[in-house]
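One chain comes next, on its own, written out as structure tokens in the form predicted on its own.
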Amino acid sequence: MSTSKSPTSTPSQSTSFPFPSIYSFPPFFTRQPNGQTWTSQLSLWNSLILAYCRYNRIWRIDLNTAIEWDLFNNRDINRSLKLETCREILDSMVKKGDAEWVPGSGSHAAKNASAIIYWRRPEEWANIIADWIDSTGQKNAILTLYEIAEGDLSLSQDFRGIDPTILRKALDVLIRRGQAQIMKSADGEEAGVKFFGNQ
């Protein structure tokens, strides 16, 4: 059972995202040596990355390409974030549960090159999907992951085009709650997900 290709959603060179004022402050793009200042800077970057990814519907950040995005490059003030600083920020997000490194996503020298960004946590997506199942009358229906992420009924949903890894984690939450079950074909392949609606 497969979904559409996972979108890294490369934003255009100039997005209409409303950057906060801190984005125009040159030191924001330099790792601050003072521990307390760095902690504050990490928090600001965490919030900015989550907001930017949500606005642009970005599910993953690949550092090899994302380092060139306007998110990490303010061309108006000629400042950009260094790759290693960006990796540190994503590491911090991983520790907080706001991101997750994709295993094997980098070379030996740079093992962490791609991260899933949780601008909504899997538990939140599970709630949204469960509500959608109820509101669209799909209780007891069997849907493929593709139908959930890309089907006609999900056109206006926040989870439209959701990354397959995030979708799988959200479905695991629903399965643990007894609200969904993986259905298998006669040959043991996954055929879809059966939903039981809100309990």
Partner chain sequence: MSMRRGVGLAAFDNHERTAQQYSDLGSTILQTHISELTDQLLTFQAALKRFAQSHADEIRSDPVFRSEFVKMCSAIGVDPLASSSANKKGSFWAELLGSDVNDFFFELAVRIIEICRRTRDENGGLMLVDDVKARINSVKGRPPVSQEDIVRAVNTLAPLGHGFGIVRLAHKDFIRSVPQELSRDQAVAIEATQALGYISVEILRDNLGWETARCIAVLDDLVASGLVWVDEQVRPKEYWTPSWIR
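Numbering follows the first chain given and starts at 1. These numbers come from a predicted model, not from an experiment.
Unshown form predicted together with the partner chain; subsequent notes refer to it.
**Student:** Can any non-hydrogen atom of Arg121 be found within 4.5 angstroms of the partner chain in the predicted bound form?
**Tutor:** Outside the cut-off, so no.
**Student:** Closest heavy atom of Ser80 to the partner chain in the predicted bound form, within 4.5 Å or not?
**Tutor:** Output for Ser80 is yes: heavy atoms within 4.5 Å of the partner chain.
**Student:** Does Ser47 reach the partner chain in the predicted bound form, with heavy atoms at most 4.5 Å apart?
**Tutor:** Output for Ser47 is no: heavy atoms all beyond 4.5 Å of the partner chain.
**Student:** Please check if Pro26 has a heavy atom lying within 4.5 Å of any heavy atom of the partner chain in the predicted bound form.
**Tutor:** Taking the distances in the predicted bound form, the answer for Pro26 is yes, it comes within 4.5 Å of the partner chain.
**Student:** Tell me, out of Ser135, Asn140, Thr39, Thr65, which residue has a non-hydrogen atom within 4.5 angstroms of the partner chain in the predicted bound form.
**Tutor:** Comparing distances to the partner chain in the predicted bound form, the residue within 4.5 Å is Thr39.
**Student:** Heavy atoms within 4.5 Å of the partner chain in the predicted bound form: which stretch in 39-47, 156-164, 56-64, 170-178 meets that?
**Tutor:** Of the options, only 39-47 has residues within 4.5 Å of the partner.
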